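Presented below, as structure tokens, is a lone chain in the form predicted on its own.
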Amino acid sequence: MTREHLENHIFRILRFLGMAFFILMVAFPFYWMVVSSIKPLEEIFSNPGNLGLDLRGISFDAYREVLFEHGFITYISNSVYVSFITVLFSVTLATLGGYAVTRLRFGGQKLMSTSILLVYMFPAIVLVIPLYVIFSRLGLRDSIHVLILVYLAQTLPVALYMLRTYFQTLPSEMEDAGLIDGCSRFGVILRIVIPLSSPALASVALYTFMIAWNEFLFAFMFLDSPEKFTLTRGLVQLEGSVHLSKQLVMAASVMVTLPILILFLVFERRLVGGLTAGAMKG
């Protein structure tokens, strides 16, 4: 075996070990969370360090209790509503705005195009106090619709940037042909731009959904009424109940994590394709 082949072999082994290590680091907390949520409660108390799972002793009582006795059905419906409305408005506005700064000519276009991501210079913790004061004085604080507005402001800049970069890769000749054939500008967007941009639109929608589903800070600061809690806010409320077992907290954590995990695994290729599309030109 030559020295070059030996070095390549060592490199492949190290790469495999590195990947295995990081996969283990990521997967272990989720495994521990799932196992702790379906083990019988007496087994957790008697041997908390046991990470094994007896399939004959699996119990879903913690999930039933979390869903039907602690209001998590309401929290799930609130999170679904907030996330889908945020996705709808974010994708719609980002499509129109991204197309405008890419194709249309107007005063301040260059400044707007280059300053889209300026809002990301300010961490969420810096913005939450002023927003808390403003919405409190306006009497709008305890509202999931205000939460949607905040999430929209949080996700729209990146969505605009992603779609603008993708729209720059689309040939303008196809849009010109549509305009010559009698399409309005909105018709061109609807019939030509959107079908060609489905990978980027899917990645923007998935990104926005993940942000809205997982966000905690604004939900914690703005929501007070339990019937308006999202999943992350309800999870903290449940965790703060010291008389409850940690098994319930683990079951609730699985409910928060599993939908995002499934969405990411299902749409991983489309997400990566949308994020990298236009990289050569953008």
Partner chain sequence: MANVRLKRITKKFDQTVAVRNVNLEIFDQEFVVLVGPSGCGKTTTLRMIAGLETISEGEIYINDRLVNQLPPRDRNIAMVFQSYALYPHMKVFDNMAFGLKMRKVPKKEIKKRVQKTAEILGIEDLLERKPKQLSGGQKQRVALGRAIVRDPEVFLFDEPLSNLDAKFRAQMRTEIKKIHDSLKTTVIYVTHDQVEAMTMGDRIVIMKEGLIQQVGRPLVLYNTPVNLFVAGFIGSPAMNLIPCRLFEESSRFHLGMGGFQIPLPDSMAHDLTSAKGKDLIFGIRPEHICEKGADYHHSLDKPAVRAEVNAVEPLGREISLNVNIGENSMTALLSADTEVRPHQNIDLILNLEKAHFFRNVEEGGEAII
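Positions refer to the first chain, counted from 1. The model shown is predicted, which means the values in this text are computed figures rather than measured ones.
What comes next is about the form predicted in complex with the partner chain, which is not displayed.
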With a 4.5 Å heavy atom cut-off, would you call Pro195 a contact of the partner chain in the predicted complex?
yes
Does Ile129 reach the partner chain in the predicted complex if we count a contact as any heavy atom within 4.5 Å?
no
With a 4.5 Å heavy atom cut-off, would you call Ala153 a contact of the partner chain in the predicted complex?
no
Check whether Arg105 has any heavy atom within 4.5 Å of a heavy atom of the partner chain in the predicted complex, and answer yes or no.
yes
Counting only non-hydrogen atoms, choose the one of 72-80, 199-207, 183-191, 154-162 that falls within 4.5 Å of the partner chain in the predicted complex.
183-191
Just one of Leu149, Leu88, Leu179, Leu96 has a heavy atom within 4.5 Å of the partner chain in the predicted complex. Which one?
Leu179
